[in-house]
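This document opens with one chain alone, in structure tokens, the form predicted alone.
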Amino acid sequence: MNLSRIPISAWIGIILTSAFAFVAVFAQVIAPYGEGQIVGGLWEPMSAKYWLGTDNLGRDLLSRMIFGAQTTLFIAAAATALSFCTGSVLGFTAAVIGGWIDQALSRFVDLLMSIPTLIFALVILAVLPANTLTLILVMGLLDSTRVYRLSRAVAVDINVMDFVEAAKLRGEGHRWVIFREILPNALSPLVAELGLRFIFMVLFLSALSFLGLGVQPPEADWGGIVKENKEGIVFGIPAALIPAGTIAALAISVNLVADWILNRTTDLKGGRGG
């Protein structure tokens, strides 16, 4: 791959996304203070000692943001992986097998999608124990319905193409058709959707934490930091705005990378087709 051909927008996205990932992986090493360590007074301003100031309890906001990146990105990435593994496999299976299996899966997905996702998650999390595993399972399985709809729609179109029919005539089974014929040709729309679903997971987790049913204190995540410091906005304290701006920066950077990957895979397909 020629690095000089990568557009500036993609470089911006790659650098920012890599920076977020680096901070999340090495949070314990680079954070100047502990995740819940009280180091100063309430809402102290930015200074050489506290680069982003302190929060509503006197904890270093920069350290909270760093640990929050680790928690937020891990849960969002795990939930996105679960969502895509579940939704894409079921969507491809429904498209290839068809019949009553397709109808049963599609109607069940329609039923789940008729309920607002956030409300559904709040009801489930109000009953289940609040921990990281529960959040990943609830978020991933609820969002897999969106991935299912996309995967099935793409697979239905690919399933009627000549090379798929040829594979069926050779006697290839459903597993071969799904993973060797349909999946490679469905990657472009799935990659584009992957970036969007990951950002949705970040926003979803932040909303749950802001409402009190996401990541539980004293563990930090960006949505929880907004909730903890929202009263400071009235007094002109930016502690709640910093994580909100960070979420926006992450969303932009991931989408820049996803758009570049989508354009590149589309160009490569076009070149092979010619």
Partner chain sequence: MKAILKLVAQRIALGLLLLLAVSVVIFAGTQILPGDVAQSILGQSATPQALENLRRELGLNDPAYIRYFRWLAGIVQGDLGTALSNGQDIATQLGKRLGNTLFLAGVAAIVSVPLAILLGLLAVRYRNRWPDKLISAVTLASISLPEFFIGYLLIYFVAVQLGWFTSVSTVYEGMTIGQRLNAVALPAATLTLVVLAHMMRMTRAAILNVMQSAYIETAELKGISAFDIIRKHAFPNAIAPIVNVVMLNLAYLVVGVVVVEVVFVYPGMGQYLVDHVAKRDVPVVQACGLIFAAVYISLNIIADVVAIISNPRLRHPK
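Residue numbers count along the first chain shown, from 1. Because the structure is predicted, anything quoted here is derived from the model rather than measured. Whichever C-alpha set is largest while still superposing within 1.5 Å between the two forms counts as the rigid core.
Another form, the form predicted in complex with the partner chain, is not on view; read the next lines as being about it.
Participant: Let me know the one among 248, 39, 42, 46 whose heavy atoms come within 4.5 Å of the partner chain in the model of the complex, would you?
Facilitator: Comparing distances to the partner chain in the model of the complex, the residue within 4.5 Å is 248.
Participant: Using heavy atoms only and a 4.5 Å cut-off, determine which of 111, 85, 101, 137 is in contact with the partner chain in the model of the complex.
Facilitator: Partner contact (heavy atom, 4.5 Å) among the options: 111.
Participant: Can you tell me whether residue 81 touches the partner chain? I mean in the model of the complex, with a 4.5 angstroms heavy atom cut-off.
Facilitator: It does not: once the partner chain is placed as it appears in the model of the complex, residue 81 has no heavy atom within 4.5 Å of it.
Participant: Is residue 65 part of the interface with the partner chain in the model of the complex - any heavy atom within 4.5 Å?
Facilitator: Result no; residue 65 lies far from the partner chain in the model of the complex.
Participant: How about residue 30 - does it come within 4.5 Å of the partner chain in the model of the complex, if we only consider non-hydrogen atoms?
Facilitator: Taking the distances in the model of the complex, the answer for residue 30 is no, it never comes within 4.5 Å of the partner chain.
Participant: Using 4.5 Å between non-hydrogen atoms, is residue 210 touching the partner chain in the model of the complex?
Facilitator: It does: once the partner chain is placed as it appears in the model of the complex, residue 210 has a heavy atom within 4.5 Å of it.
Participant: I have 141, 164 and 188 flagged as a candidate spot, so tell me whether each of them has a non-hydrogen atom within 4.5 Å of the partner chain in the model of the complex.
Facilitator: Verified in the model of the complex; spot residues all out of contact, no.
Participant: Taking the partner as it appears in the model of the complex, which of 66-74, 224-232, 22-30, 53-61 has residues with heavy atoms within 4.5 Å of the partner chain?
Facilitator: Correct option: 224-232.
Participant: Hey, which residues along 91-120 are within 4.5 angstroms of the partner chain in the model of the complex, non-hydrogen atoms only?
Facilitator: 111, 112, 113, 114, 115, 116, 118, 119, 120, in sequence order.
Participant: Relative to the superposed rigid core, does residue 234 relocate between this form and the one not shown - that is, does its Cα move 2 Å or more?
Facilitator: Yes, the C-alpha moves 2 Å or more.
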